[in-house]
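One chain is shown next in structure tokens, namely the form predicted alone.
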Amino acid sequence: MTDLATPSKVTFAEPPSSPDRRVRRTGTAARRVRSAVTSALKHAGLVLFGFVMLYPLLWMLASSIKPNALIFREPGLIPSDVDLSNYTDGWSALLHPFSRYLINSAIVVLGCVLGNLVSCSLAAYAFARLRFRGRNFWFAIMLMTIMLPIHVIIVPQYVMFSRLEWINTFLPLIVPKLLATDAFFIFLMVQFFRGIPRELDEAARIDGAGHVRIYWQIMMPLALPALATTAIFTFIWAWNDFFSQLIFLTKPDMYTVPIALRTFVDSTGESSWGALFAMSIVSLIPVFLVFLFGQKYLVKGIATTGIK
């Protein structure tokens, strides 16, 4: 028998890389490095910008746990001495416990939110779906009211509410919301309603539905993002409103949170800065929670109403 030789492996040498290929590889690596550096700089800038925006809040939080003598002596964020008594002292420092002012603000905010949701949605449905004489004219007049500052109408409002004996009640703050006085929210909902196909209205009319049923059973469920946006903005604006509440509420029993916080600052004597900052942190908690849980509806509502 003859032995069969094992075939040897055949190897092929790689052709030398051309100069053009090396140049392309070098250019790709350089672009990756530039992209990574640009991304890192953008993130660093965003972190720095976010820290600058949050610094006042962080400083107020740090000052709320400092003794009064160290608040302005040590302006840093890390306190050398922690004093939690500012929260307990601030809670009972005024004529009433601070919970009283939180409840007053909650009543005002709840009335404003419900008023805007009902009245502004009804007015928006009328402008978006109903046909009546002068619709465009009245819509333009409504938009022009956005440019009116509160200081222009506060005096006539005070005279009218004083004749109605509504001063030192929550009615001057809540009743105007029931009359669709916030043109911004009407415009926001009009834009949203115009994006809903009219075929849904026509199908509902074939089934015998009127405007009330179309508004309640078709428009309202579909307008949830716009309603959530209205509720969140109304909550934040009404909770932080100081000027209107200062004008119409003069009795300490009717004070809301912004006015109660103002009473911690004494222009003639010593101010309780630690208690003021502590109660300011407490008053921010409801706003933070509302924005935290309603953030996705807020973004969706603004994105789908044509406001860019």
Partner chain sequence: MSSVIQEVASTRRAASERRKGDGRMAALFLAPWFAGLFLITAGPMAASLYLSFTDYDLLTAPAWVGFDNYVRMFEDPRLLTSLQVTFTYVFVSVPLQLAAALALALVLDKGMRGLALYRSVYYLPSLLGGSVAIAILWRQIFGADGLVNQVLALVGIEGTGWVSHPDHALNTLIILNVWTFGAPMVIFLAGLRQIPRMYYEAASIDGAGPIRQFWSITVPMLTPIVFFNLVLQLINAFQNFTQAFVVSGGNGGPADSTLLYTLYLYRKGFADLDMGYASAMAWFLLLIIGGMTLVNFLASKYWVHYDD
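Here, rigid core means the biggest group of C-alpha atoms that superpose within 1.5 Å across both forms. Quick caveat, the model's predicted, so the values are computed rather than measured. Positions refer to the first chain, counted from 1.
Here the subject shifts to the form predicted in complex with the partner chain, a form of this protein not shown in this document.
Please check if Ser105 has a heavy atom lying within 4.5 Å of any heavy atom of the partner chain in the predicted bound form.
Contact check for Ser105: no, nothing within 4.5 Å of the partner chain in the predicted bound form.
Would you classify Cys112 as touching the partner chain in the predicted bound form, given a 4.5 Å non-hydrogen atom cut-off?
Outside the cut-off, so no.
In the predicted bound form, Asp81 touching the partner chain (heavy atom, 4.5 Å)
Answer no; every heavy atom of Asp81 is more than 4.5 Å from the partner chain in the predicted bound form.
Distance check, Thr28 to the partner chain in the predicted bound form, heavy atom within 4.5 Å
Contact check for Thr28: no, nothing within 4.5 Å of the partner chain in the predicted bound form.
In the predicted bound form, the residue from Phe98, Phe170, Phe184, Tyr87 that sits within 4.5 Å of the partner chain by heavy atoms
Only one listed residue qualifies here, and that residue is Phe184.
Residues within 4.5 Å of the partner chain in the predicted bound form, restricted to 222 to 251 and counted by heavy atom
Stretch hits, in order: Leu222, Ala223, Pro225, Thr229, Phe233, Ile236, Asn240, Phe243.
C-alpha of Leu246 off by 2 Å or more between this form and the one not shown on rigid core
Result for Leu246: no, shift under 2 Å.
Aligned on the rigid core, do the two forms place the Cα of Arg205 2 Å or more apart, comparing between this form and the one not shown?
For Arg205, whose C-alpha is compared between this form and the one not shown after core superposition, the shift is 2 Å or more.
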